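A single chain comes next, written as structure tokens; it is the form predicted alone.
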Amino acid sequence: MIWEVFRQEKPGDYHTHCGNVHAPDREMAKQFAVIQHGRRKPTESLWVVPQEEVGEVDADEVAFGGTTDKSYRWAMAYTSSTEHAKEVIASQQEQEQAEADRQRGDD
């Protein structure tokens, strides 16, 4: 039987598909998943799912995201001047200094 394996790298991250294992039952599949997929990279948890239980919905079946053009939501052509960046950095430094002064009680 084939089992699909999904790995979570850090707490709060999504589980992502990292491969599959061949095993006769769930317990063996979990052990194989740990050996094959849990030791290669930092791993918080693994999901092991029978392959036949994984369902697929593709664009031929459903219109994902609706039909309304919402390209205005993505800033794909946004440019910023160097002066603007300098202002942001200076403002951030001022905020950090004010916070440090406040913590020391130098208000």
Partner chain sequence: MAATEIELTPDQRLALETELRTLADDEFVLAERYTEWQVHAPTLESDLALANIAQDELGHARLWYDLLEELGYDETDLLWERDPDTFRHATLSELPFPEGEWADAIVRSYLFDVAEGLRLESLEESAYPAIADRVGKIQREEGYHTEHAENWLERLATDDEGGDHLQAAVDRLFPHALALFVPTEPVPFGAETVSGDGAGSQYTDTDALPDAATVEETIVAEGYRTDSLATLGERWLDRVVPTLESHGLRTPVPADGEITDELVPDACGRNGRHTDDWDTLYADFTHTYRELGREDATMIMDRPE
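Positions refer to the first chain, counted from 1. This structure is a prediction, so every number in the text was calculated from the model and none was measured.
FYI, the form predicted together with its partner chain isn't displayed, but the following is about it.
**Student:** Just one of His17, His22, Lys86, Lys10 has a heavy atom within 4.5 Å of its partner chain in the predicted bound form. Which one?
**Tutor:** None of the other options qualify; the answer is His22.
**Student:** Which of these residues, Glu44, Glu52, Glu61, Glu27, gets a heavy atom within 4.5 Å of its partner chain in the predicted bound form?
**Tutor:** None of the other options qualify; the answer is Glu27.
**Student:** Do Arg39 and its partner chain share at least one heavy atom pair within 4.5 Å in the predicted bound form?
**Tutor:** The answer is yes: Arg39 has a heavy atom within 4.5 Å of its partner chain.
**Student:** Does Val57 make contact with its partner chain in the predicted bound form, using a 4.5 Å heavy atom cut-off?
**Tutor:** It does not: once its partner chain is placed as it appears in the predicted bound form, Val57 has no heavy atom within 4.5 Å of it.
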